[in-house]
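This document opens with one chain alone, in structure tokens, the form predicted on its own.
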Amino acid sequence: MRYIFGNWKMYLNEEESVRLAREVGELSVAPGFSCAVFPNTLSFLPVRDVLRNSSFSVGAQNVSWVPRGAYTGATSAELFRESGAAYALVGHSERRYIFGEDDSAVRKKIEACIDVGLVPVVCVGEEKHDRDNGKAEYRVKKQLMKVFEGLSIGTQSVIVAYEPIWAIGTGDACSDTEAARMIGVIKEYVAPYHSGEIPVLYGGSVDAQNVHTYLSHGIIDGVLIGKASTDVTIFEKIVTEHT
């Protein structure tokens, strides 16, 4: 299976999200590909309804690890799963570096997703100074160790997304060969944690011009696209030409 995921972040309001979902829902997805979009929480339900009978799944951009209770402003993995989510982004760099989520919180969110059958898309990636100092692999392996060590995954599906922080939203995309190399490192590192193979995606300034270079590498299982996925012309081109 290969994956094309669109993280809409907080670029669209509800009306815009629904309109984009209607257009996206008309796209054909080739066998062997899984496509999903991740709208903001307010737009999740109407987008889910629009895409219910389409080839697209809907995911959560963020989840709380506590199922229910007195947690004002939170939406749990359990509630998203009950509402029809198939995936959840966990540990995205914007959650880590803007909102201060640490590896402990990421680990709890992964466990919460696994407990309810929601597929966590675990985001990892190094900062620019890590790469400049030759510590990209060290940083990514440390993040993986912190969230996977001792985790009981069993046969539950888990996806990892390699998103070098210096490439997200900057237009400075990681080269396809380096992305493939880093994803090979990640696959080797996470292999002992799962009975099967954990898919690893690339994310970071992916667009219609460069997506084919990533998907041409068999070791890269798909892409996680940010702002470009909110432009229907770009997203349609990516989905229709590369699935």
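Heads up: residue numbers just count along the shown sequence, starting at 1. Remember, it's a predicted structure, so these values are computed and weren't measured experimentally.
The form predicted in complex with a small molecule is left out here; the points below concern that form.
**Q** Of the residues I159, I114, I168, A136, which one places a heavy atom within 4.5 Å of the small molecule in the model of the complex?
**A** Checking each option against the small molecule in the model of the complex, the one that comes within 4.5 Å is I168.
**Q** Select from the listed residues N40, S64, S205, S55 the one whose heavy atoms reach within 4.5 Å of the small molecule in the model of the complex.
**A** Selected option: S205.
**Q** Closest heavy atom of K227 to the small molecule in the model of the complex, within 4.5 Å or not?
**A** It does: once the small molecule is placed as it appears in the model of the complex, K227 has a heavy atom within 4.5 Å of it.
**Q** Does the small molecule get within 4.5 angstroms of any non-hydrogen atom of E163 in the model of the complex?
**A** Yes, E163 sits close enough to the small molecule in the model of the complex that at least one of its heavy atoms falls within 4.5 Å.
**Q** Look up in the model of the complex whether K109 has a non-hydrogen atom within 4.5 angstroms of the small molecule, and give yes or no.
**A** Answer no; every heavy atom of K109 is more than 4.5 Å from the small molecule in the model of the complex.
**Q** E94: heavy atom within 4.5 Å of the small molecule in the model of the complex?
**A** So E94 counts as contacting the small molecule.
**Q** Counting only non-hydrogen atoms, choose the one of 71-79, 86-94, 114-122, 151-159 that falls within 4.5 Å of the small molecule in the model of the complex.
**A** Only one stretch passes the 4.5 Å heavy-atom test: 86-94.
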